[in-house]
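First, one chain by itself in structure tokens, the form predicted alone.
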């Protein structure tokens, strides 16, 4: 082939290849940020059936009698999230936990969503909307060498445990709340966590089962406090449209077949 012809073919490839790569990398997303629990009041959010969500705390067998305790802290918020003087400051609260253990060790406190109040409370998983890409919340640390993790369950029944990442600290200290004051912590939900299936309807949601606080064996555990605020997800609501799409939507299925 003549050099002139090769030059022309090269120019054509230079024009075509970048365009082809751009389309090849294109992914259709409909990302939205949703607060799933503001902790501004007990029972402030509801399950799909309309029942209020009530949180409880549960310590392991080395908890002191009567502990852990929980409370809603009035007029409390992370300044980095709401500013120094938000208009709705009287409405803002945070979920507080007071823990005490009789011995040092890998002690745990579980923070669990549920249904009902008092003796009628039962543990209940909290459904998350869409296909979750990132889960985050704010937590108030007081320089204790503890860590926190989030537990999820997918539609196949597989449980997934992730240590939360302190924002701005990289991944060098996953789960650690060994800092002072409010800090945002997050986890990117990995692609291997199944949130969809091949069959219609594709969407299969992820549920949050609990948050777990762990103490370090060499850290003091006689009396400590943490606060949590603003559970949030960044989630993908995109669904590919096709003829008959409406028959796979939860609303239409409920209309035809009733609630499961």
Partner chain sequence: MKKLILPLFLMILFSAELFSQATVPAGEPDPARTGVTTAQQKLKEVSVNKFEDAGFWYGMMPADEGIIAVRRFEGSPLDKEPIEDEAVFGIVEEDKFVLGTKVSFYRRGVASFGIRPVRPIPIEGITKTISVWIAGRNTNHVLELMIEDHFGNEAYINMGKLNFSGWKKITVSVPPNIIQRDYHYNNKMGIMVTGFNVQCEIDETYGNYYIYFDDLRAVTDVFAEENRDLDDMNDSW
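Computed from a prediction, not measured in an experiment: that's the story for all the values here. Residue numbers count along the first chain shown, from 1.
The next section is about a form of this same protein that is not shown, the form predicted together with its partner chain.
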Determine whether any heavy atom of residue 210 comes within 4.5 Å of a heavy atom of its partner chain in the model of the complex, and answer yes or no.
yes
- Query: Contact between residue 58 and its partner chain in the model of the complex at 4.5 Å, heavy atoms?
  - Reply: yes
Note to self: Test of understanding: in the model of the complex, would residue 88 fall inside 4.5 Å of its partner chain by heavy atoms?
What the structure shows: no
Mark residue 62 yes when one of its heavy atoms lies within 4.5 Å of a heavy atom of its partner chain in the model of the complex, and no otherwise. yes
The stretch from 128-136, 180-188, 80-88, 96-104 that lies within 4.5 Å of its partner chain in the model of the complex, judged by heavy atoms, is 96-104
Applying a 4.5 angstroms cut-off on non-hydrogen atoms, the residues of 112-126 near its partner chain in the model of the complex are 112, 115, 122, 123, 124, 125
